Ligand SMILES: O=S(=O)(O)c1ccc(O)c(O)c1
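Just the one chain here, laid out as structure tokens, in the form predicted on its own.
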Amino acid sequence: MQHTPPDVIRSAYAQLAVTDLAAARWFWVEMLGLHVQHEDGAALYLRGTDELTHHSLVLREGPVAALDHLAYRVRTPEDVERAAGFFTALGRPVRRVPAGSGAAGVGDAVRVVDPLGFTVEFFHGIARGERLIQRYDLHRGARIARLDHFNICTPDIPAAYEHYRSLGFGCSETIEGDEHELYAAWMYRKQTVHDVAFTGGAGPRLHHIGMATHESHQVLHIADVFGSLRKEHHIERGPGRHGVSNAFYVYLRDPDGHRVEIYTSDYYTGDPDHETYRWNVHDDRRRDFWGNAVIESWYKEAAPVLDLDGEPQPVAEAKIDESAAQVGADGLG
């Protein structure tokens, strides 16, 4: 019996385990400019200027730097129940998270370990936040507007693609080999290039979270800020322009090594006849539209993933050998 999937609206928040909350605050709040919505002794709840929900990033102190869970918002409370039924039917671990027992501000939710090995939460209700869009006195750092996407490392890109298709996600772009073997894919529910992307490589691991800003000069500005403070070692890759997504970007690493992409200038995908744009793995522009090389750490390093009990998930190696091909924007090689 096939269960109806939940009606996912968008990528909603990520919760990262960090080993030093003060150092994480310096990076994410003082440097990048995220707004602190709520804090307690062990966690910070952050959001961008455009976001009207309680948070889009949770930083919780823990013994190991890792991804605790990803979270998607669903359309109705009934969709939370549909998520529970959908993943139970798949034989996956499912845990209910009543309001008040999980992330601050979030209503009743379910957390699952999906077929890819990631801990994922589905929720509908969440507390509201003050409108900050025109609080220009509070805008600083990268002027982050909102969470845009998750990028996850998985050894089986076709399986990831099929799983998210079963959840109703569309596909905006792919990177493919000459025989149409799939190296990477960008998939969406909101009407942009992606809510989640899949990077081929050992997994499950978190490659990065993507934060949107409104203008390309804000990407350049945050790189200048890190450089002026002699903190340039936090800049990993860029600034540049992706071939895939067309986005202008810079990749930064926080004190624990968590990777964040500051991202702008992608495009609308909401037309019902929107077609997937397919990049060939041998097209050098896919990784960076200007042909700039991608450094080794960006290819190889990613954050471990915790299970429902907070233990690191075992990592499986990729099913295909990508060392023979240099894989483009948001793809490993």
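Everything numeric here is computed off the predicted structure, so don't read it as measured data. So that there is no doubt, residue numbering starts at 1 and follows the sequence shown.
Although it is not shown, the form predicted together with this ligand is what the next lines describe.
- Steric access to the site is blocked in the shown form: after superposition of the site C-alphas, this ligand as positioned in the predicted bound form has three or more atoms within 2.4 Å of backbone or C-beta atoms.
- For the options 205, 73, 258, 242, the one in contact with this ligand in the predicted bound form, meaning a heavy atom within 4.5 Å, is 242.
- 251 is the sole member of 251, 188, 183, 118 with a non-hydrogen atom lying within 4.5 angstroms of this ligand in the predicted bound form.
- Shown alone, this chain has one stretch from 267-275, 285-293, 39-47, 23-31 that lies within 4.5 Å of this ligand in the predicted bound form by heavy atoms: 285-293.
- Residue contact with this ligand in the predicted bound form: residue 192 places no heavy atom within 4.5 Å of it.
- Of the heavy atoms in residue 263, some are within 4.5 Å of this ligand in the predicted bound form.
- Contact check for residue 111: no non-hydrogen atom falls within 4.5 Å of this ligand in the predicted bound form.
- Taking the partner from the other structure, this ligand in the predicted bound form has no heavy atom within 4.5 Å of any heavy atom of residue 172.
- Residues of 140-178 lying near this ligand in the predicted bound form, listed in sequence order, are 149, 151, 175, the criterion being any heavy atom within 4.5 Å.
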